[in-house]
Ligand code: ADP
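Only one chain comes next, encoded as structure tokens, the form predicted on its own.
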């Protein structure tokens, strides 16, 4: 399993830091550990390059258990270590398997595992289902479909499933890919850029577990959806595990082939919500420890403050924490992080967050949906009941009058409607304002809400 250079460097840096602390012998560490690095990772094996044959012998015979322990603590996975001399690297590369015909650069990250996934009420069901799938691939919840807004942990769970299966079931071949990867591979094959076996034959013969991220991006791509339907059917009929993620429930993915929608909901469909306060605090503490820092150096009030201000996604929390750490190291060195230091450090992020909360197409849709007891996805969807159609037209009207947005942009915001549909919707509301007091009242109340 090959990884990106940055992931490999980060992984081994953390392992060596733990090893140095446990070893507590600077002379030995500098002589045999310090110059080592990961050459590559294949499945559950890590190939480590050392600076001499003696170092390889010493690490293998005396310190392998120590390093295995450090790797397990860092990754949550039992990897097997192999030590190589510099001159051995080429030999190892020569005996590697040939590059796969498809998805050559699609890899699992060792940094994502179940151990470092912080579980709370917002994601417990998705976590538990992912864990069960990793224990019994193809036997339960097939397919497993996880959906949520961006940055809430869907990708983390996909990688955790893959890493766990590679340890628990080393005979199974796991493929992680994004929908964009699948689109690229389909185009290459369809245009004749790739030769040899077909895309479907590749999945049939060489993939046992298929983990695909952001499946929503295949919408409205007829050829890609057809190819994915064939691949999905092939894997499913063979009892092979499929796990998918998306930013919406399958039934809300406008432009997705109906056959795929049906199959996506035939297994288990679960969502992940924004983290609550305890989960957000747990995520921050987990990231602090993962970075080799001491949680005791952060006042509980400072952690709670970050968790309260940036709880809409895990990525927001990580961004705020990274900003805080950068501030306390480079701008205003602080050994102990107090609430006041935390507030000062993230002032810029709060301003950016406030700017993003200004009036937008998304905010108008969300406000109108709340006013009419609907969901935003109903307004941007295809359903045309009287109430939903009215809410959709009012959203269009407010975007036009409050944002002066072009008809094309409004159409995109409400689910891909064309120019004429938006013009018609806006005109309907304009006519109703002249004759229907209830419409006038709704527009006024909505405008007041949006201007607060």
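Just so you know, these numbers come straight off a predicted model, no measurement behind them. Numbering follows the first chain given and starts at 1.
Missing here is the form predicted together with this ligand; even so, the following discussion is about that form.
Undergrad: Only one of 162-170, 111-119, 74-82, 128-136 has heavy atoms within 4.5 Å of this ligand in the model of the complex; I'd like to know which.
TA: This holds for exactly one stretch, 111-119.
Undergrad: Out of 304, 178, 148, 334, which one falls within 4.5 Å of this ligand in the model of the complex, going by heavy atoms?
TA: Only one option qualifies, and that one is 148.
Undergrad: Though this ligand is not shown, can you say which of 152, 342, 244, 209 has a heavy atom within 4.5 Å of it in the model of the complex?
TA: It is 152.
Undergrad: On the criterion of a non-hydrogen atom at 4.5 angstroms or closer, are 123, 314 and 318 all touching this ligand in the model of the complex?
TA: Yes, all three are in contact.
Undergrad: Is residue 364 one of the residues lying within 4.5 Å of this ligand in the model of the complex, judged by heavy atom distances?
TA: Residue-level check for residue 364: no, no contact with this ligand.
Undergrad: Taking any heavy atom pair closer than or equal to 4.5 Å as contact, tell me whether residue 283 reaches this ligand in the model of the complex.
TA: So residue 283 counts as contacting this ligand.
Undergrad: Test of understanding: in the model of the complex, would residue 309 fall inside 4.5 Å of this ligand by heavy atoms?
TA: The answer is no: residue 309 has no heavy atom within 4.5 Å of this ligand.
Undergrad: Decide whether residue 219 counts as a contact residue for this ligand in the model of the complex under a heavy atom distance cut-off of 4.5 Å.
TA: Residue 219: no, not in contact with this ligand in the model of the complex.
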